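Below sits a lone chain in structure tokens, taken as the form predicted alone.
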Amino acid sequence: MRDLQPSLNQTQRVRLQSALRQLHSLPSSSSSSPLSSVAVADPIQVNHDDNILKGHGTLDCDGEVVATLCGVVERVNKLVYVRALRARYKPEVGDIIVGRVIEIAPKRWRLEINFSQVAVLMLSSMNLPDGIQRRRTAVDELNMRSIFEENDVICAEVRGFQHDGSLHLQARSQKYGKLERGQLLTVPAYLVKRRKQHFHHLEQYGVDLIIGCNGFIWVGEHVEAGENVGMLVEDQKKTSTAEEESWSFTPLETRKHICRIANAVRLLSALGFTLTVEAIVDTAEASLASNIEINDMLGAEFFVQTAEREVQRRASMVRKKG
């Protein structure tokens, strides 16, 4: 996603460089205090009298703590570690992730989730289509492909780690499951911060936005939680073709909103900005206010305007705190 590089003329290039220089001098909205950035072999200021704990990315060298990674120094009580800015996704229990099914194995699905290993969703770790809590049978295992098949996009939650290091997922809530009628976007995982809420319903657009902690972002037509729960697999097979087409049809206006929100995500990712629902909605609303077409959102002028708008937003926040 960061490969998006619009062709800028000389004036736009100067404006963009000026905006990026100002952004480097302004604190980010995600941090209330300035962070200490370090490179490899840089010393980290610590108080040895506090009996600190040296964590990931640190090394004791000649009586002082030095960094072994390029990143930001983080402190949690007595623990001091370096958080790499462009590291791969590191799962934690409870993370909301979006993944794609790559294989159906006995009693489990294997998913690609932008991790070093594939994730596993067991048949026993999800709700069945009939919504009844019961023991899984051989018939359920034979009908696995009618629930999820290869290339289906799924939303789930990290349950834990298996003995071989792979992830164990669960999808027992009605808000988890198969995602349809939308776009799947891939962004660097470090641009997504863990928050209390990763499911967002943009009512003004009629769009659902799921920001996965693993860098997979789903933008699709709004679907009420549990809308499809309660339908048996046999009933799904009996559904007429006309009813199926009516259910799967997405209005043109909704599809335009999905594309606009998706382009806002692509633009913010290309600029390296932290992806939050507020930033994504603000970018989409700015494009509407400027009467910019969906395909022109990835153009050079709006690319520069987005960077300049972020400078103004951060500068106004600094003035309010001052």
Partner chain sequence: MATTPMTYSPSQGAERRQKQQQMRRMSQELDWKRSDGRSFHQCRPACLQTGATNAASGSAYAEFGATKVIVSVFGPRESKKAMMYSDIGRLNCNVSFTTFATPIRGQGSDNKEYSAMLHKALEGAVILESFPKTTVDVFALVLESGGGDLPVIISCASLALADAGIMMYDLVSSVSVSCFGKNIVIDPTAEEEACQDGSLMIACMPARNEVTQLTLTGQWSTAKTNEAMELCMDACSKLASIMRSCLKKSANLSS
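Throughout, rigid core stands for the largest set of C-alpha atoms superposing within 1.5 Å between the two forms. Residue numbers count along the first chain shown, from 1. Here the structure is a predicted model, which is why all the values come from computation and not from measurement.
The same protein also exists as the form predicted together with the partner chain; that form is not shown, yet it is the one meant from here on.
At a distance threshold of 4.5 angstroms between non-hydrogen atoms, L69 is in contact with the partner chain in the model of the complex.
A residue is said to contact a partner when one of its heavy atoms sits within 4.5 Å of a partner heavy atom; Y190 meets this definition for the partner chain in the model of the complex. Using a 4.5 angstroms threshold between heavy atoms, Q117 counts as touching the partner chain in the model of the complex. Though the partner is left out of this view, A289 does not reach within 4.5 Å of the partner chain in the model of the complex, counting heavy atoms only. Note on the partner interface in the model of the complex: the residue among M122, V223, A87, L202 having a heavy atom within 4.5 angstroms of the partner chain is A87. Note on the partner interface in the model of the complex: the residue among L59, L53, L26, V277 having a heavy atom within 4.5 angstroms of the partner chain is L59. Look at 139-147, 73-81, 164-172, 207-215: in the model of the complex, residues with non-hydrogen atoms within 4.5 angstroms of the partner chain sit in 164-172. Contacts between stretch 36-50 and the partner chain, counted in the model of the complex as any heavy atom lying within 4.5 Å, involve S37, V38, A39, V40, A41, D42, listed in sequence order. For Y81, a C-alpha deviation of 2 angstroms or more is recorded between this form and the one not shown after rigid-core alignment.
Once the rigid core is used as the reference frame, the Cα position of D42 differs between this form and the one not shown by 2 Å or more.
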